[in-house]
Every structure is written in structure tokens, then in C-alpha cells.
Ligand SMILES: C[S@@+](CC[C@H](N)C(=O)[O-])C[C@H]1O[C@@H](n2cnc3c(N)ncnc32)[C@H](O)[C@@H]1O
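Just the one chain here, the form predicted alone, laid out as C-alpha cells.
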Amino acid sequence: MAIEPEAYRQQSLETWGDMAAGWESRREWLMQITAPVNDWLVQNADPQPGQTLLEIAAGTGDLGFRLAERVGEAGRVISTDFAPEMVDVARRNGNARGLANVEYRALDAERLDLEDESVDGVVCRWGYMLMADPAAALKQSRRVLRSGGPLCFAVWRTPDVNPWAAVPAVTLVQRGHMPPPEPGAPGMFAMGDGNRTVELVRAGGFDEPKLEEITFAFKYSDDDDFWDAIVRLAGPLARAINALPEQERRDTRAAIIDNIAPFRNDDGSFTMPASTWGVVAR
């Protein structure tokens, strides 16, 4: 059955609100692991002093804070997320850094409450593929961008190159705790096909985008560390796991840990490949 967009949006809002505390608690680990993606986005957004930048799906806000350092006191970063709880995390994070040039707002990327041509650049890390209507969100990004301004974003590539997420997801499907993903439905790998990403960006009113593969690895110290990351950070996967009865939750954990055994190192830690598209368009 096809998703009902408004029902999906409400579920997504609740899910990422629930994840906010976990993202805050594991922020430093997550930022260290995913640093190559933030580096790529900052380099390609190329923020200049005095500019105004918009970050969509900002989460803990760390990517936007790097932009804020680049635009300086005369510039501004609008740090936004769909979930107010995530906005609160970013605000606490930014206040702790003493940043005065960041504005925090809960905004729906599909219906941006911003003026036309009001920002010099838009960045989004792992947000568009989770949206009910990414085409609408991309059109909104185009609308608020000033002429020539860059759109820089990241979306996950396909499951086969992202076992850190694909293995738990497949295990949950096999055990009947999640339905198989429907083609075209929003989700972690919804924009994994580069051709579909190009089509969506062009339909949003942008010129031909540039796609670049960015690879890195998730590293977990042991079974408990991997499990903690999944149940605190992994959105719909975490929601499905956390809703299970206690015994089935333990059994599901055992099945997932068993399935990621090929990625276990001699010391009991795990190293799991990850791959994302970096996309830039104007």
C-alpha cells in the first residue's frame, strides 16, 4: 500500500523528535565518524563572509556551525529542522559554542517559511531522501536561493554499500518487524540511485548537478556500542526495535549482531563501510 503523505510526515516528526536525545548524546562520535561528508559539503558550499546560508535537516547543527564560522559576524546561518526537539539540540550546541550569528527555526523543508531569493546557499546532510515529497523540498530550496547560489547536500547511496544500516534493516524485515521498502517511498536509500537524484534535482529547477561518491566507515567498539548507535540514532529502525517486546528485542539484537559478524575485527570492534552521494547544483 502506498504511503499517505501526511501520515508519513507525522510519523517522521515523532520519530526524529524521539531520536533527538540520542543524537545529542552521541554527537561527538557521529561528527567524528562522518567528518568527510561535512568537509565535502563545506568545501562545495564555499561560504563567504557576510553571506546568509540555510541548513535543512540540521540535526545537532554542527555542519551549520562550520558555515557560521566562515560567514563571520556579518553573515548568518539559518539552522532548521523538521523536529523541534532537534532544533533545541542544535540551539544548546550552538549556545555552548558562543555563536551569535545562527538563527534556529523549526521548518518543514517541503513548505519553507522563507522569502524568495533570501539565502546565498543551501546545505542539507541526509535529509531529502527521508522527506515525503523530496521534489517539493528541492523546489522550495530553489525558490529561496539567490541566483547562482549553490545547493549542496548528501544522500545515502544504495544498501549494498551501506551494510551498517542495510543489515539491521534486512534483519527487521526478515523477522516481520518492518515491511519491505516500497519503490519510490521515502527512506534512507530512497535517493541511492544517482539517476533518480539527478532527475529530482533537475525537476526542482536546478541545472545539471554534480554527484560525487564519498566513502568512510562507521566504527563501533563492541556489540553494545553498535546496538546503542542503532537504537539511539537510526530513526525508523530504532523506532521499530524500541517497540518490540523485551524478549523479542533481545532475540532481534542477537540476530542483528550475528548478521554483522563479517565486519567484526579481531579485538571485537566493528568496521562497517558507508557510502553517500555528495551533490552540488545551482
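This structure is a prediction, so every number in the text was calculated from the model and none was measured. In this text, residue numbers run from 1 along the sequence as written.
The form predicted in complex with the named molecule is left out here; the points below concern that form.
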Using a 4.5 Å heavy atom cut-off, indicate which stretch of 106 to 114, 90 to 98, 177 to 185, 196 to 204 touches the named molecule in the predicted complex.
106 to 114
Which pick from Cys152, Leu138, Met131, Leu145 sits with a heavy atom within 4.5 Å of the named molecule in the predicted complex?
Met131
As a check of understanding, the residue in Val122, Ala190, Val102, Met86 with any heavy atom within 4.5 Å of the named molecule in the predicted complex should be identified as Met86
Check Ala255 for me: does it contact the named molecule in the predicted complex (non-hydrogen atoms, 4.5 angstroms)?
no
Given that the partner is absent here, does Leu54 sit within 4.5 Å of the named molecule in the predicted complex, heavy atoms only?
no
Ala243: heavy atom within 4.5 Å of the named molecule in the predicted complex?
no
Determine whether any heavy atom of Trp23 comes within 4.5 Å of a heavy atom of the named molecule in the predicted complex, and answer yes or no.
yes
Partner contacts for 64 to 82, taking the named molecule in the predicted complex and a 4.5 Å heavy atom cut-off
Asp81, Phe82
